[in-house]
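Two forms, one protein chain; structure tokens for each follow separately as structure 1 and structure 2.
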Structure 1
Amino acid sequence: MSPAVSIELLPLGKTLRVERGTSLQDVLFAQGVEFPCGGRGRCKGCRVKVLAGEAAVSVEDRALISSDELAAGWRLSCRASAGGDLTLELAQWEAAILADDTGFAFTPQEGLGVAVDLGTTTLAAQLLDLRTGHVLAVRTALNAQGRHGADIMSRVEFAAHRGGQATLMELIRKQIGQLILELLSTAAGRDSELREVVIVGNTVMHHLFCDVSVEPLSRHPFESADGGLKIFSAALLGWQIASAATVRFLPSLGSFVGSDILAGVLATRLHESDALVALVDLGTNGEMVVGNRERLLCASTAAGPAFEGARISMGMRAASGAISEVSVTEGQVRCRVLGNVTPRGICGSGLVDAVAAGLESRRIQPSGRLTGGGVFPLLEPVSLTQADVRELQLAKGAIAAGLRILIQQWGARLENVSRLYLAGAFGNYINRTSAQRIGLLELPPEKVISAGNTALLGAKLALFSLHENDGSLAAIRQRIHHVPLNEDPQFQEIYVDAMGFPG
């Protein structure tokens, strides 16, 4: 065994002891360092500053980091290792992971249940008393797979083309099992009463947890190999819990439309609505449903990771130091920074606000072109570049085009939609007026409802509706028709049109 060395992390005030030569990527993800490209040296999301000790400058460092920053000690942590004692400056993750405290009707049952929302970025799990419906405990975490890529397609590439599927499966099964153990530790000796675990997530998360090959999702026509309901015993998953609980991963609805959207339909009761309604989950993979009690259409569109801050020059997730809100008052740009600290980047909600503010102040043209030198300063040292605006245009164009096509195929018009539910953390924090201003959501703000974590709420509802003879979820799934947007002859034309900003 190699001699141990120390890695001091500032401003966390934490010191790690690791074997000499350990890759920094292996230890820093859990401490808040992001690896948007999966640690392949293609971005700068994992930069750390070496305050003491030595970290060699790599080829990727020279390509992505300026000479002044290299001299100041900045390195890509995915390309560095602990050859000796180090002192590093990094920013701690302060993720606002969305749980759920919505009340709901249910039929009492005996025992305990756990609902899990398995997201690409975050996990949220709740322990419920099935007799009272009360939430007894909550646990949230960053998805441990994130060290191998921030977005869905990075995980698919790692799994399908770099032999990483087993690694990702083991990581997520172990992490969810640990979260459940932590939940049960709060149950005052009732851990043997756990009867049911329901997990929901997008199609890629479903496949990675259930050991279904993601390779078909990496190539045309991007069809899922097997997105059906999967049932496991806790013992089969290697979970060391006292009960013989049944674990169910709910089925997907289409190639990239997961059980998180099925749960969202259940939570928002779209399938019971007389009026035409919509549900949209904004993320790297924009998933959406349009319909009512008569019929439901669903689709997914590759929005890209702009809403989560990736591929944006100073993009980051919603953590301390992120610009989360931008407005223009009397010609002056005003920014809100999470944690009230010196800004170090901009998150998705801030990006949408910033572009809306740029359009209003005419610093950004309807075509997306920046005026005044090709840079839009926000709050020193953060600014938007032309490439940032184009990245947002690609993301928002994909979402808007997908929604237009679903409504069109349903036989309606945008104005016929009575309300639109925004699901997930990004949907909860986005400014609806800004979203309308940039053409992301082409509905009046009063029709847009931030619905919170509908995936987690739907998973909790499923705990009470998965009786052996209860076909409610199966009946809902049968009524939802998946629309492959890439097969629509008008998609490219609508997509290009939707990329522009309203005048």
Structure 2
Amino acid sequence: MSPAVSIELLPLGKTLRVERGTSLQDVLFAQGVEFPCGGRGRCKGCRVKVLAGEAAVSVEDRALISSDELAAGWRLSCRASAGGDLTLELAQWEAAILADDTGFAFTPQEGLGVAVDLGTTTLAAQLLDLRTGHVLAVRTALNAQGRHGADIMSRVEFAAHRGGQATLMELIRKQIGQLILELLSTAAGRDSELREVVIVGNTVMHHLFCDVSVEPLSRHPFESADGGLKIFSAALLGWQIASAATVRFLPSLGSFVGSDILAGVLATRLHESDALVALVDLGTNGEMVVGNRERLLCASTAAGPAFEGARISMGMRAASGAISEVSVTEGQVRCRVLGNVTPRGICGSGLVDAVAAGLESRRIQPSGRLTGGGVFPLLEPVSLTQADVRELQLAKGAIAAGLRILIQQWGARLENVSRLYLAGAFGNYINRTSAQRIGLLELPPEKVISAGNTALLGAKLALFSLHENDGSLAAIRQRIHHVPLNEDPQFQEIYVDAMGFPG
């Protein structure tokens, strides 16, 4: 047996004992570090700074990390192993995951239920008393499939290789089973009362959990073979649960619009609205729904990960050290830093604010060009580069163009939309005035509502309507039509137009 070595992780202040030669990817993944490219040495999202000890420089390190940074100790953790004792500083911070605590109307029933929001990156699960509607416990975790790729397309790619799909299925089934056991362990003595589990997620997550091949989602025409409602017994999934619980994975709306969005419709009651309303999830695969009680249209658009801080030179998640708010008063740039520490980077909400501030102070022209040199300094040492502004233009252009096309195809105008619900964590942090200023949401701020984790709320609502569930859900799903945006002949024109900023 190899002798053990110590790895000290800063700023977590945690010391781990691992076998000599263990790959850092395995060690760090267990600590919540993400590997955006799946640990293949293609990006530098997993980089760590070696403060003490030795880590050899890999070929990929040389390709992606500058010689100055290498000398300072930066390495790709996915390419490194623990040859001896190490002290590492993580470039990532543990992410805060959004669970839902909104109140809702329900019909009392016997027993316990679990609602699960299965995201590509994160998982959120709640244990509910179906009689009182109380949330008894909450668990969140990073999706265990994350080590095999951060975004859905890299998961699809992994699944295409020998045994990949089965590996991903086993990982996620096991993880959710474990999460449910943990939830039940908090409800001492009632663990045999679990009756229903409802899971929502995007179409790729649905397929990977339900054992439907994701291969059709890898290429044109991107048509899923079977995105329907799937019902399992807990026993069939291999979950060691005391009761005979039924597990439902709600149906998808389209190839890239999943049951998380269907749940979002349930949560925001779009399907019951008299007025024209919209629901937008500002993720990598920006999903959106537009309509009212008569007709709903949905679409997904490749916004990319800019709002999550990826591909932005000093981008990071909304965590300690991130600039989260930027404003300009009398030509003076003011920044708010999360955790009130020295700034290390900028998160999505800060990015939207910074560009809005740049436009207001004329440091950024409507074309997106930065004036006065290629850099917009925010708060030492964080600044915005010209390339950062370009990344944001691509992301916000995709969302704005998607909304314009959906509203147009629905037969209305932007000003006819009475409310726009923003789903997801980012929706809670984004400044709505800035979002309008940069043309991301072309609606006045008072019409924009942060709706929180609508996927989890919708999953909970579904738990309480299971006796009529299969029928009513199917009816709602029938009224929502999927629009393939890139088949709209005007898509390119509208997208390019939406890349610019309002003057």
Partner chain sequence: MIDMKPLYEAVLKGDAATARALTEQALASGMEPITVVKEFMVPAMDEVGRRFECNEYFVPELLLAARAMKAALELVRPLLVKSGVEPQGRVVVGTVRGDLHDIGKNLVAAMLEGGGFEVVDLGVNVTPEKFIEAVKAKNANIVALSALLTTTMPAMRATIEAFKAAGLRDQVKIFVGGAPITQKFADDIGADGYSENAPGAVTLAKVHAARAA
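Counting starts at 1 and follows the sequence of structure 1. Rigid core (definition): largest C-alpha set, two forms, superposition within 1.5 Å. Bear in mind that the values here come from a model prediction, so they are computed numbers and not experimental data.
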item	value
Correct structure when looking for the form predicted in complex with the partner chain	2
Per-residue C-alpha change between structures 1 and 2, residue 439, threshold 2 Å, rigid core fit	no
Threshold 2 Å Cα movement between structures 1 and 2 for residue 145, core superposed	yes
Is_shifted residue 58 between structures 1 and 2 (CA, 2 Å cut-off, rigid core)	yes
Value in Å for the CA shift of residue 162 between structures 1 and 2, taken after the core is superposed	8.4
Inter-form CA displacement between structures 1 and 2 at residue 212 - rigid core frame, Å	2.7
